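First structure 1, then structure 2: two forms of the same chain, each alone, as C-alpha cells.
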Structure 1
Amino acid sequence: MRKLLLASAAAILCATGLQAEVKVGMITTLSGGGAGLGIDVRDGFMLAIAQSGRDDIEVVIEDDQRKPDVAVQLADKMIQAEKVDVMTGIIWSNLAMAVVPSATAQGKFYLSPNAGPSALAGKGCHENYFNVAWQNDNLHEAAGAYANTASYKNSFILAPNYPAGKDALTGYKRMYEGGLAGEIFTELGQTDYAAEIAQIRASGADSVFFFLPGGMGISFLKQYADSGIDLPVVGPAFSFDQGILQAVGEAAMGVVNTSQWNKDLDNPTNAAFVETFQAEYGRLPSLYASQGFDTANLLISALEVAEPGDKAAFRTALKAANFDSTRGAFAFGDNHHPVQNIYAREVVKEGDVFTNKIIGVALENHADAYAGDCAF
C-alpha cells in the first residue's frame, strides 16, 4: 500500500492548482505526553480520507500541545484566516470546552473524534456539534456495570481533576451499586502516585477503578504493580489501549477495561480497517485511531449528500450517519452522541504484543444520561 501524505488532498490540490471544496481544520495533540492519542486520531482520519479517493477535501492539521490557550488561538486562526468549514481533532475535554462552543456559535460544524464532556451533551448542546466517539461518562458507566457483575462491593476510585475526570467518576458511580472505600481527584499530568497508592493500601477496598489517560495511566499502573497491592483493577479503555499497553507491559495483564471498540469486533469494516491501518502505519490501531477513522467516514458520508454551506441539509446528512462504522451499527441519539454497545475487554498477550480481547457486552445500545437536557 502506498504511504499516505498527511497533507493529503491539500498537496494534490496545490500541485494541480485546484481549490478544495471543503476545508477541515484538525486541532489535536501531537507533542508532549498525550501525543500518541492525537497521532492515532490524525492517522485514522487521514487513512479514511485517502481511502475515499476524494480530492476535494483539504485537511489543515495543527498541534494544540495540550494547552487550552494554544487550542483557542489555533481555532481562531482556522475560522478567521483558514476559513475552514468543519473542525475536528480535539482529544482533551478542557480543550474542547475552550474551543467547541465558540466554533459552533460562529456557524462551524464540529465533529468530535474523542472528547465528550457532559456540558456539551446536555444543556450546552448545539445542533452543529456531533460526537462520534462517546459521551465522557459512557465507558466509565460500563466499568461500573462490570464491577457489579464481578461482585465488587467497596471500590476505591480516582481520576484527574478536569472535566473528563469528573465525568468519569460520575459515570462509574451512576452504574456501580457498591460502596466507596475512597474517592480522589489527582492533578492533570501527574506522574507520581505514591500518595494515592498508599491511600488505596490503607482503605480496605476490594477493587480499584481509575481513569488516567495517556502517560498518567502508564505511570500509575507501573507504580501500582510495583506496590504489591493485590486488588483487582477495572477502568476504561483509555489506560489500556493499544498504544499504551506496550509501555505498561506485564502490569496490565488480565485487567478488564471497557470500550465501544476493539480490533476483534466481527464486522467487515473493522477487519479491513485493522488490516489497512497496520499495513499503512506499521502498528495495530488503537481506540483513538478507530474514532478518527469513523469521524472522517461520517464526514465523507454527509458530503455525498450536501455541502457544509447548506447547513440544514448537511446537518441532516450528519445525523443520518449513513456510513459503515468500525463498530458495526452506528446511530446518533437526539443530542448527536452515539447510542452503542460498550464492551468489557481483557488485556492479553498475543506473541510479543500486549492487546485486548472482548469478553462480553457491558452495556447494550447505551445512550448518555444528558440527552434529555438537550434542546436544539
Structure 2
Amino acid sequence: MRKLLLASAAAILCATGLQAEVKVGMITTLSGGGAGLGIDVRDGFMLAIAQSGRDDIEVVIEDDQRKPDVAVQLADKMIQAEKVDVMTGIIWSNLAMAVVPSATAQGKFYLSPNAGPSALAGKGCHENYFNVAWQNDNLHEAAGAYANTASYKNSFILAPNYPAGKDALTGYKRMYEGGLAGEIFTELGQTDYAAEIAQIRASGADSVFFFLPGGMGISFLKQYADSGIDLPVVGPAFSFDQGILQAVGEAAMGVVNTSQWNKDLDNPTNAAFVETFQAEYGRLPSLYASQGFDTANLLISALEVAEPGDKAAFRTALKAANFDSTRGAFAFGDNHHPVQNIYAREVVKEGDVFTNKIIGVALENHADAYAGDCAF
C-alpha cells in the first residue's frame, strides 16, 4: 500500500503528459524545527487525494522553511509560474498573514489547514479564504470553558510574548469566569521555565493554563512535572499532539487539553482515516494530519460540483462543506470559519504509546468571536 501510494503521488507530482485539470499549491513547513507539523498536514492531505482516486488533481508542494519571506516568494511562484487554482498548507499564523491576503486578492482560493489568525476571521476576511481547522482563539476558549466546568477559581496563565500568545490568553479569559493568580508572557523560543514554575508555585493558583507550541511546551511540561507541583494543567491541543507527545512522555499524563479532533472520535470517516493513515505512514495521525485530510476532502467535495474557474459556484460548493469530516459534523460560519464542537481530551497511555482520550465536549457548535466583524 505504501509503495502504491508513493507511486501514485509521484505520478501526480510529475503530471507525466496527462493534463491535470486542477492544480493545488501547497506551501508548508518541511524543514527545520517546525517540520513535523507540515509533514503531518502534507501526509494527511495526500492520503485523502490518493483515496479519492482522482488523477486530475495535481499538488505542487513547496517547503517554506517557516520563513515568511520564503513563503511569500513561494506564493508568487505558485501564482505566477505554476498558475495554481487553489492554495493551502501554511502552518503558522505569521506566514499566513504574509501570504493569504495577497493570494486571495489575486483571485486564488485559499484553504487553511492550520493557521487561523483573528485578522482573517474578522475585518480582514475574504470570500475566497476558507479555514478548515479553527480560528486561533477557539481551542483556548474551549480551555477556558473547560476550566469553568472543572470549577477552577484561580488560574495562572502563561504564553509566549508574541501575537498568537496574546490571542491565546485573551481567548482563555473570554470564556473563563474565575480569577487570575498570575499572567506571564514568556520569551518566544524559551527553553527553560524554572523561573515561571517558581512563580506558579508561589502564586497560590488552583490551576494552570498554558499555550506553548512545539518544543516550548515539551520543555515546560517536563520541567513542570519535575517541580513537584501538582496543580491541574489545561491547554490547547498543540502541546499534546501525537507528534510531540512521545517526547513529553510521562510528564504529560493526565493533562487535559482541548481539540476539535481526536483519534477516538466515533464516526466511520475518522475510524477509516486513523486506520489507513497508520497503515500508510506507520504512525498515529495527529490533529494536523486530520486537518490536512479534511482540507483535501473539502476540496474534492467542491470539485465534484464545480470548477475553480467558476468562482461563484466553486465558492458555494466549498461553503456547503458537503464532505465526510473526521470530526463528524462540520459546517462553515458566515466568515468561512468552522462552527464545530471542541472537546476536552486527557493524555493517556495505550501500551507504550502516549495518546489522547476524549473526556467531554468543552464547547458545542462553537463559532469564533470575530465573525461579526466580517463582511465580504
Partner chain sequence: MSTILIIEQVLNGLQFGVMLFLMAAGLTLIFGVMGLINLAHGSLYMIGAFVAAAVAGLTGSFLLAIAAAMAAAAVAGVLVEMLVIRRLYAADHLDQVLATFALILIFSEGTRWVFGSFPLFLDIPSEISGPVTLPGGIEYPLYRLVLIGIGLAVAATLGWLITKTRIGIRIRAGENDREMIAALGVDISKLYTAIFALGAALAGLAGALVGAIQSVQVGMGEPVLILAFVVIVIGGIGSIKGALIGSILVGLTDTLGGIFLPELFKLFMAPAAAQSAGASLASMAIYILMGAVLIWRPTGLFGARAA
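Along the sequence of structure 1, residues get numbers from 1 upward. Rigid core here is just the name for the largest C-alpha set that superposes within 1.5 Å across the two forms. All values reported here derive from a predicted model rather than from experimental measurement.
Given these two structures of one chain, say which is the form predicted in complex with the partner chain.
The form predicted in complex with the partner chain is shown as structure 2.
Is Tyr281 one of the residues whose C-alpha moves 2 Å or more between structure 1 and structure 2 after the core fit?
No; that C-alpha moves by less than 2 Å between structure 1 and structure 2.
Any chance the CA of Asp206 moves 2 angstroms or more between structure 1 and structure 2, core superposed?
After core superposition, the displacement of the Asp206 C-alpha between structure 1 and structure 2 reaches the 2 Å mark, so yes.
Has the Cα of Gly182 moved 2 Å or more between structure 1 and structure 2, judged after a core fit?
Yes, the C-alpha position differs by at least 2 Å between structure 1 and structure 2.
What Cα shift, in Å, does Asn161 show between structure 1 and structure 2 once the core is superposed?
It moves 3.3 Å at the C-alpha.
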